[in-house]
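Only one chain comes next, encoded as structure tokens, the form predicted alone.
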């Protein structure tokens, strides 16, 4: 009665938002620049945090201009960090609301919402003798979590091929070269502004024994598609482990008119752009999470019309009770989304 209309927990949140039993949150303690467009965010997680495995990612909820937006970022801190803090390293992308906010505007003391860590882009318990990390751009972030973790000490031979436009664009470059100096890593940098995009066939020269190594690859879709084809053609596909920040598009259609019935907005959409992106561009508040079709944080009712699953080409038609994942679905003709 004393706290109505709020609950006692609402007042406790003001005093101790990271306490045990509260919704899982974190407090930003520092934002450290890595390159001109990337920064590492140091987070103190609440007491409900259950830890992570090197290579996993975490969904975070950030309030940007009064709207809570969820995104997924790889954890770049080791699992045994003494102070219990975790880090994510974020690259600001053009028109990226959350990434630009975190890199350029987030301040120490800011509270964010957290999910538990998840993802299977991790090293096995029985560590391979030889490993190759194949990365590009921000695809280096989950791999950096692996390199920093004490479990890497059990691997005898680690090679890395990393692609970035110029040397100054290589995230963690000083730390990587420190590992090279300690003979813990063999690093090849491919600077795409001068060297051109990496031709996967060059691996024969860069890492001659690549086919004998367990490989973890993360980066743009073009790099991962080429890697999967290359490893498959050489009969060693089972040795390649990939992490995609966006799902690969298998099938696209002609698109159509998309109506967001709750907000009354209607826009034209092509058949390759996820409905999540279409809605956000139209100013519709869209739930989201990993944006890869894994976490189901974007599930939304499809009232009418048809959508295409970009990963499989499967068509889903709207009727009462039908739910779709907007991050991996595109318009397959006129459709009505309940947002």
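Positions refer to the first chain, counted from 1. Bear in mind that the values here come from a model prediction, so they are computed numbers and not experimental data.
If you look for the form predicted in complex with a small molecule, you will not find it shown, but the lines that follow are about it.
Not one of 35, 164 and 189 comes within 4.5 Å of the small molecule in the predicted bound form, counting any heavy atom. Just one of 206, 251, 93, 197 comes within 4.5 Å of the small molecule in the predicted bound form, counting any heavy atom, and that one is 93. A heavy atom within 4.5 Å of the small molecule in the predicted bound form is found for one listed residue only; from 227, 136, 159, 98, this is 98. Among residues of the shown chain, residue 286 is not one whose heavy atoms approach the small molecule to within 4.5 Å in the predicted bound form. For residue 72, a non-hydrogen atom is located within 4.5 Å of the small molecule in the predicted bound form, even though that partner is not displayed. The small molecule is not drawn, but in the predicted bound form it has a heavy atom within 4.5 Å of residue 290.
With a 4.5 Å cutoff on heavy atoms, residue 215 does not count as touching the small molecule in the predicted bound form; it lies far away. Stretch 82-90 is the contacting one of 82-90, 122-130, 253-261, 178-186, since its residues have non-hydrogen atoms within 4.5 Å of the small molecule in the predicted bound form.
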